[in-house]
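This document opens with one chain alone, in structure tokens, the form predicted on its own.
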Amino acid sequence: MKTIEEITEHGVTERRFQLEVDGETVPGILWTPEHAQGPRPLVLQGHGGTQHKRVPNVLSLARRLVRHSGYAVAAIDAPGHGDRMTDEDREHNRAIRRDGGAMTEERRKRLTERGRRATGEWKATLDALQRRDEIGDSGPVGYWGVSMGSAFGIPFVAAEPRITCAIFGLAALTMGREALASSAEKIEVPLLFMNQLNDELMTPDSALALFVAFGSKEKTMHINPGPHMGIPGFEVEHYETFYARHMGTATS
């Protein structure tokens, strides 16, 4: 893991980094408390489709968890997103926005391949982060990701025994994503699942089907009225409470 840039604002140190994984350069950001020492809980954040590692909802939650709970938080650009985006990727994203995000066979194949790569990249990122003194390999690890952050995050969490708890959402067993059920069944950690009642990309029934598929004995579903991109801001309080319950807080 190579640090590219480091800045500190209002008690939060932000480090941009790069990691080489299977011949790909994976850009990421690590947020920690200023002057952080010793091991601490870590949260990995996955961004949504057409977004990137420092999109506002990722950045604001990261800073909140650092300031309020003393956590380390990290995000990486998913394949074909952020600093990894090609001209072909940009045209693909424009097409998705034009037709409202409808799933086609070509998009299903692309999503599946990128999800496979994302699992390996998250594992390599977690390996590198746990070698850092201010994080260590003895603390709990949480995951957060909605929409594409869930589509990629669910297979990752299913394959990663180091994850302590997870927050998913805005995902469902719709066309092209039926395989999420087999990954969801393997997940047994506590989870919080976010859903929007008027989501234009998936029905409440298909989201509920995914929620039911999770193997976790402790799982909670929050349903709010509104569209796909409309999770209310007050839900961040529930994110924070959820992580504190399962991962505690840091003291240094």
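Computed from a prediction, not measured in an experiment: that's the story for all the values here. Residue indices: 1-based, along the sequence shown.
What follows is about the form predicted in complex with a further copy of the same chain, which we do not show.
Is D205 close to a further copy of the same chain in the predicted bound form, meaning a heavy atom pair under 4.5 Å apart or at it? Contact check for D205: yes, within 4.5 Å of a further copy of the same chain in the predicted bound form.
In the predicted bound form, does T241 have a heavy atom within 4.5 Å of a further copy of the same chain? Because a heavy atom of T241 falls inside 4.5 Å of a further copy of the same chain in the predicted bound form, the answer is yes.
Does N224 make contact with a further copy of the same chain in the predicted bound form, using a 4.5 Å heavy atom cut-off? Looking in the predicted bound form, residue contacts with a further copy of the same chain include N224, since a heavy atom lies within 4.5 Å.
Does a further copy of the same chain get within 4.5 angstroms of any non-hydrogen atom of E235 in the predicted bound form? Output for E235 is yes: heavy atoms within 4.5 Å of a further copy of the same chain.
Which of R54, R64, K186, K219 has a heavy atom within 4.5 Å of a further copy of the same chain in the predicted bound form? That would be K219.
Residues in which of 24-32, 211-219, 41-49, 66-74 have heavy atoms within 4.5 Å of a further copy of the same chain in the predicted bound form? Contact criterion met by 211-219 only.
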